[in-house]
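Only one chain comes next, encoded as structure tokens, the form predicted alone.
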């Protein structure tokens, strides 16, 4: 027993380490072929535009840009977000990252033991937040299609009700999900919103990748289907730069009021200078111009990775073909253990994230998440060749099983 063990809160026992962050502690990302993180490409950071925008912000706002600001966010950025997404400004709250949006929503909505429903697999950072507040996280696996989705979620809802538990909210990434890269159809979104109405729970719609679409047509948000029941989370991290640590929440004013009070005890206000820069960047059209280049770059990297997997991966391995976002998801033959295989891959110089960490029930042992945005095309090419060779050897020798 450690000398501080009896000093920590009960919540500490519910924390768990991110395996992705543990990877970053072990290795230099630039020294290996890393498909592990959800990092944007540094090529997409418009450094000269940012430099010019920062100077404009200082000229326009002076010392105000470096002072404390409103907890809800600076008016200029809230108005810019409201205009971009066609919502009233009173429904916009700026956050210090989309991750804070997930955490603060959980903090104001869920008590220990309350049920949080999510997809299986789901975003690891969200699972960390839900468990840190000692909620009962229940992942739902289902086949594609509105009928299969309805059946799976109705079963999960019935089980929670039979257990005497309250379902507080459903957490969903409907566009280019992390980790799978898959999206919900409009009909599937309608099914989930209908279930939320019938069983009286909220939906947290996490949409950090929504604007990174490379193929197909944009699908309406879940928020647009029921603005009073759905809380929509967005982020500048994937469409601008993650170092600014800025996101937003779009929700009913009654929900935002509780978030407003809660955030006062967390960070007082989001970073003010960063907000003015984001507002100027968004309002000037520079964000959209840069986003167009980002989409072209990521589409080419996605296409490259899909082609390389088809060329080099052995039979029995399959993967998702996302229409956008930063990730695709590999499924290997039954019996393949991507956690045991990981050290072998990392020793050889290639990293991924084992899919089991995104599952709430220990399933997905034979899966892995792959990022295609971070590395250069040349390193993606060499990394996929290396990983494919290692997988082939493992399957042949059954070392991973």
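Positions refer to the first chain, counted from 1. Owing to the predicted nature of the structure, the values given are computational and were not obtained by experimental measurement.
Just so it is clear, the following notes concern the form predicted in complex with a further copy of the same chain, a form of the same protein that is not shown.
Stretch 254-262 is the contacting one of 81-89, 254-262, 304-312, 181-189, since its residues have non-hydrogen atoms within 4.5 Å of a further copy of the same chain in the model of the complex. Residue 238 belongs to the set of residues with a heavy atom inside 4.5 Å of a further copy of the same chain in the model of the complex. For residue 166, a non-hydrogen atom is located within 4.5 Å of a further copy of the same chain in the model of the complex, even though that partner is not displayed. In the model of the complex, a further copy of the same chain sits within 4.5 Å of a heavy atom of residue 242. With a 4.5 Å cutoff on heavy atoms, residue 397 does not count as touching a further copy of the same chain in the model of the complex; it lies far away. With the partner omitted here, the residue from 207, 128, 320, 120 that has a non-hydrogen atom within 4.5 angstroms of a further copy of the same chain in the model of the complex is 128. The listed set 154, 215, 161, 228 contains one residue whose heavy atoms approach a further copy of the same chain in the model of the complex to within 4.5 Å, identified as 228. Here the marked residues 55, 72 and 271 all reach a further copy of the same chain in the model of the complex, each with a heavy atom within 4.5 angstroms. Annotation for 98-118: interface residues with a further copy of the same chain in the model of the complex are 99, 100, 103, 107, 108, 109, 110, 111 [heavy atom within 4.5 Å].
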